[in-house]
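There is one chain below, alone, in structure tokens, taken in the form predicted alone.
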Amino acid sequence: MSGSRALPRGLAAAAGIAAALLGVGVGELAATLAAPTSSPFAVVGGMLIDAAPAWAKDTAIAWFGTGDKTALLTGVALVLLLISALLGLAERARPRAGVAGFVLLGFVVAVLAPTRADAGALAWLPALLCGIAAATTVHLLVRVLRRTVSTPPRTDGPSPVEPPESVDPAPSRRRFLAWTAASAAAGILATVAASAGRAGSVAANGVRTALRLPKPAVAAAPIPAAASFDVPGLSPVVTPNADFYRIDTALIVPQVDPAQWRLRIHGLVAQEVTLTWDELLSLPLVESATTLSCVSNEVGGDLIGNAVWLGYPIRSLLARAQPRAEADMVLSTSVDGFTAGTPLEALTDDREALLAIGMNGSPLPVEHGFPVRMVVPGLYGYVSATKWVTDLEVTRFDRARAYWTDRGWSERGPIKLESRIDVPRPNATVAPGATAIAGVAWQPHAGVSGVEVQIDEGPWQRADLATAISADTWVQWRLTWHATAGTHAIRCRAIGADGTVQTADAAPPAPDGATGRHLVTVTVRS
């Protein structure tokens, strides 16, 4: 048996995995120091997000919700570990085959990195260092592994040469295992350190922490006490920042230094406008409560939230630019290249479409768009709620395409009339007698006038409706149910301000938002 064939396959695969872990750690550290947006994982994940068909994205959000990015990165990591194990086996079979494989992987990602919208001058560097580090490590580890195998020297004749004394492989194997473990541990620690370094970015988090928001020229009206029902488990009328849903295409949250932030308004306008951070802060800001919803939200889903936003009306900025008569759309662009197409009328009518800098009394969280994002009542986020926004192009729907409309979603995205049951939870067991049924209902910019509840196949019963903050926000509702023993189906439907009743026709989120009525099944104890 040849020496290479005698090498344990499992240990060779382990060498490849350890080499990959060390390489990734080197690449992630390099990204943190030199090119924060070009982490090898972010480049590969971003390419997969952009290349994935719409159904794949929809499935990921439906399965994992706001954990979709974690799921994607976990999948990328598992595939990388599998490829790395195979490259370790390749290095075992033929010296430098695994080396070539790692170098090739690093080179390919290094070539792709500069093509990303937010790539810097050194975007290629992290992936290249990742590939070189992994290639060097797998070569060294497999070479140490070879020393654990003793192969008698080859003889060409029958001369009575005494076979050499067998070499004890135990010390060499222990050395191999120690080096492999050390490489893997170093890679994991480097990756953790890199992630912590990005999370502690001075450019964004440091400035945000020190920022004191200016007082609004027009403050939001106080939220009336009657806007909230005291029902345990019912969604609060204002969603805390930490609980607000996050769905976007950014695997690494952009770190934008407000001092460097600029907004350009151009396209079909009489005059281009450029706005700096200091100029934005000096404008008369407006405070307004608005409910945002993701178009991927299933009936009864939680990809929706309500917040009090602070910002400057976009219609006032557009008035400066003076859109031409033929314009009907504004294409907004994020610093990471994401685009959304918003109907021009939704940015120039009487709704409080804001260029927002604050959320619930605090500067925008970084993951929610700091320093500046768009908030537009009445439209799903994919056509309106661009985070880290830096560009507004006034154009036409027949001339420009946005990220999600290019993937089959509808152009204008008005939020559907919907309602949800928060209490009791699906499949809950409740006590007989007086039981609260409660939830929220919404149709931002149109408003809700009522909610009705049906128990099993019984008549629809009118629920109590809390006082809505405005037509741009959701509203709480509740009904007291005298529960009887057994299993029961509870449905709800909202009634719009114009008298429209929420449809019973079930439809998936694509291409313009889910429809149907939320159903919860509960068991009442006997």
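Values in this document were obtained by computation on a predicted structure and should not be read as measured data. Quick note: we count residues from 1 along the sequence shown, nothing fancier.
The following text describes the form predicted in complex with a small molecule, which does not appear among the structures shown.
For the options S195, T249, N360, S172, the one in contact with the small molecule in the predicted bound form, meaning a heavy atom within 4.5 Å, is T249. For the residues G341, G381, G187, G88, the 4.5 Å heavy atom test against the small molecule in the predicted bound form is passed only by G381. Checking 291 to 299, 411 to 419, 90 to 98, 173 to 181 against the small molecule in the predicted bound form, the stretch whose residues place heavy atoms within 4.5 Å of it is 291 to 299. Among heavy atoms of W261, none comes within 4.5 Å of the small molecule in the predicted bound form. Contact annotation for Q443: none of its heavy atoms lies within 4.5 Å of the small molecule in the predicted bound form.
A residue is said to contact a partner when one of its heavy atoms sits within 4.5 Å of a partner heavy atom; T148 fails this definition for the small molecule in the predicted bound form, lying far away. Contact between F107 and the small molecule in the predicted bound form is not found at the 4.5 Å heavy atom cutoff.
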